[in-house]
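The data below hold one chain only, encoded as structure tokens and taken in the form predicted alone.
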């Protein structure tokens, strides 16, 4: 069975990742081919039009598909690192900020407006805490690489720079970006610290419409979850993609983002 997956070319490594997946699955129950798109909006439209069988979506793109189809889609497989994803609130060390309620009157930096982890969910959690942009705090947005849903990390880098330079009092980034920044020395722990962590949620997932047969969906899931990291090609792909194993998607992890995107009457882009 051959299945075509759509993905977004947010980085040159994406081609290598998908060439490896195509190679690894050549003899598998589901042989995977791929088509690359420039934005997740184009990818969502391609999935809805039937141009691809599945889409490798961010959480924003999955929820947008969910809302566009009135729930007639599902997530099949995700990375183990897509479970328990969180957003971090970053502040200068000794800022005195410890809770979202402490952000009243502050300048709050956000990543790209279509980033679930650096903009949409942080704004949602602030609303849940009773804080509205323009009334209770001043939003400082960094709309870089719009259409990539925060995949490039450029907007999160701008958020950290703004907090470091004092043009924003605090800022939101995804937990993986924050950990990489610490590990690479991009930020100095004597200057910046994470003062609040969001509830956990799910991030990327392979998305299929309800029109994909159960047999095809199950074959796809089995092909991915049974990939063997002992195979050097699989190991390289997993290292590039940032995972240790493919796992079945946990749909419960999208509840907050569905609420954020449907409750605001927006699809996450404006």
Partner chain sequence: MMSQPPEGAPGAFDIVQAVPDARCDLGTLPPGQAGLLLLERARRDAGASGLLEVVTRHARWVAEMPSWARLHSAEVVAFGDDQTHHRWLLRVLPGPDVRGRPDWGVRLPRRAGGVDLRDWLVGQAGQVAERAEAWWGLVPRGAVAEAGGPLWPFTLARREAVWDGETAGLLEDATRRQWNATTDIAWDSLPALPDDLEWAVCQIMTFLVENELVALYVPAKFLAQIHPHYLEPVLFLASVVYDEARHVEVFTKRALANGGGLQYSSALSAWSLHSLFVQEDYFTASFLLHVLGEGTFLDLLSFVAEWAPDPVTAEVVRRARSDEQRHVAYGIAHVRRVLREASQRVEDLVAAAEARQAYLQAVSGGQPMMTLALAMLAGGGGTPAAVDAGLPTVHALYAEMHRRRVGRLQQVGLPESVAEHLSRLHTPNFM
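Positions refer to the first chain, counted from 1. Note that the structure is a prediction, hence the values are computed from the model and not measured.
Beyond the structure shown, there is the form predicted together with the partner chain, which is absent from this document and is the topic of what follows.
Asker: I need the one stretch from 174-182, 155-163, 96-104, 135-143 whose residues put non-hydrogen atoms within 4.5 angstroms of the partner chain in the predicted complex.
Answerer: In short, 174-182.
Asker: Quick one: from 230, 49, 215, 26, grab the residue that has a heavy atom within 4.5 Å of the partner chain in the predicted complex.
Answerer: So the residue touching the partner chain in the predicted complex, by this definition, is 230.
Asker: Counting any non-hydrogen atom inside 4.5 Å, which residue from 76, 192, 131, 73 sits next to the partner chain in the predicted complex?
Answerer: For this set of options, the contacting one is 192.
Asker: Look up in the predicted complex whether residue 151 has a non-hydrogen atom within 4.5 angstroms of the partner chain, and give yes or no.
Answerer: Judged by the heavy-atom cut-off of 4.5 Å, residue 151 is well away from the partner chain in the predicted complex.
Asker: Using heavy atoms and a 4.5 Å limit, would one call residue 235 a contact residue for the partner chain in the predicted complex?
Answerer: Flag for residue 235 set to yes.
Asker: Decide whether residue 85 counts as a contact residue for the partner chain in the predicted complex under a heavy atom distance cut-off of 4.5 Å.
Answerer: Within the cut-off, so yes.
Asker: Closest heavy atom of residue 167 to the partner chain in the predicted complex, within 4.5 Å or not?
Answerer: Answer no; every heavy atom of residue 167 is more than 4.5 Å from the partner chain in the predicted complex.
Asker: Heavy atom within 4.5 Å of the partner chain in the predicted complex: which residues of 12-51 qualify?
Answerer: Residues within 4.5 Å: none.
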